[in-house]
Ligand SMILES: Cc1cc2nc3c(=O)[nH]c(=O)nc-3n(C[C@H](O)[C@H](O)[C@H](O)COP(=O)(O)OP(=O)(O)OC[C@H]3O[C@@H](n4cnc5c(N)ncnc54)[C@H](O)[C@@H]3O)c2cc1C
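What follows is a single chain, given as structure tokens, in the form predicted alone.
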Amino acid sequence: MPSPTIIWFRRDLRLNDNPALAAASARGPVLGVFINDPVLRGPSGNNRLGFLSQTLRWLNAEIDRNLVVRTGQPLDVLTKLCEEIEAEAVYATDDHGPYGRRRDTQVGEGLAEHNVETHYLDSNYAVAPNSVFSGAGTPYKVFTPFFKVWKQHGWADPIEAPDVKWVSGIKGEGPPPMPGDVIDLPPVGEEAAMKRAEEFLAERVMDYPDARNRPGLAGTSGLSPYLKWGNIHPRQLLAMLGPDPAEDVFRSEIAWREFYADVLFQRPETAREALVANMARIETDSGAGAKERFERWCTGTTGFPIVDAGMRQLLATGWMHNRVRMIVASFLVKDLHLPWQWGARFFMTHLIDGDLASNSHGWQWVAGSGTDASPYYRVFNPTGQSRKFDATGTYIRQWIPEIAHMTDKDIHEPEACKAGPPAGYPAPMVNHAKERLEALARLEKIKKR
């Protein structure tokens, strides 16, 4: 019998369309391993850890309860496991994130000293980062040309799950326990992800170009948590899409995720630093007053209904509608004059689908400091956005019961009605028109330096 091979599961928690698993199983018996890495677990919020915990339980059941979970530094864990089962090779899906690249290099070099091969195959993206370049051979800094070349690059067809002989009887800790204070999570696993995808593509994708901007509608796919942990691969979604323009809009949203992954690959420091260095010079507030304003933003008590609805949705569900993410981000950066990093960190603490590249660069798009960024002078008017995209107040009523009884007209601006805002709901914490001018004045200051 050939010696066992280890498949090291990370963000590819599925059996179908998993080339690393297929390659490992082709060598013979396979030991499925997940490493509970403290470096990754530390900054992760409870909602994301809860989704991971449940997904690992699903995966363990799928492979006949043979998933070995151990906690520790990955090189140490894998070295000991390879010694235990006399494994000669470790397979994993390639990780293009900043920490993942450093970790995988260390693991590869360390295992080589023990005569163990490491094979990092495929990626968590349809087109792996560092694959799409301009005619001059440089990475793209703007999405539209990236999207065009990304589509031309293409991707492989999904593959079916291999027939795996799983190694059994190896001691592990079992999937990590559910953390406390976790919201009600959606169902996990491949079947749940594929069901969600099929329902979206059958029922809602044709309305997607418009419905995706309306938070009061179920117009988005809801697939982001499954993509985060690899319950489904973007390749599988792309294989299900046709040529209709509406489907191409959804295709472009998949590409945005891959664009941001490519940007982070090229500039790993932009997870926390401005891509456009000059924009880091814009003055932001700090101190007790700033922290008090931040707390009101976090708790959804700003007095701006669309902002408060978004923050309350995040706290209650671990998810926020993408249009509203832009609105609340603009409010934090340009109405409250707080660092985008504060908001990005808060999002990553609460989001089930928290993805470092998409989150950091989504925030930088709003803050005007990132690739393909919205101009800084574009300041979202929260009341105007609310009237445009939630005209009847459906979304606001769902998350702010204090004002649910108000008319469609008044609900967007409760303080403007004759009686003023209802008891229990705060007046606006800032004057948007005034703070917009302040934001633009701060922009002018860095232009003159």
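The first residue of the shown sequence is 1; numbering continues from there. Bear in mind the structure is a predicted one, so any value in this text is a computation, not a measurement.
There is another form of this protein, the form predicted together with the ligand, and it is not shown here; the text below is about that form.
- Residue contact check for residue 103: none of its heavy atoms lie within 4.5 Å of the ligand in the model of the complex.
- Using a 4.5 Å cutoff between non-hydrogen atoms, residue 350 does not count as a contact of the ligand in the model of the complex.
- Among heavy atoms of residue 265, none comes within 4.5 Å of the ligand in the model of the complex.
- Using a 4.5 angstroms limit between non-hydrogen atoms, residue 189 is distant from the ligand in the model of the complex.
- Exactly one listed residue, out of 221, 369, 270, 93, brings a non-hydrogen atom to within 4.5 Å of the ligand in the model of the complex: 221.
- Interface residue among 127, 78, 338, 326 relative to the ligand in the model of the complex, by the heavy atom within 4.5 Å criterion: 326.
- The stretch from 304 to 312, 356 to 364, 283 to 291, 103 to 111 that comes within 4.5 Å of the ligand in the model of the complex, counting heavy atoms only, is 356 to 364.
- Applying a 4.5 Å heavy atom cutoff to the ligand in the model of the complex picks out 250, 253, 254, 256, 257, 260 from 238 to 260, in order along the sequence.
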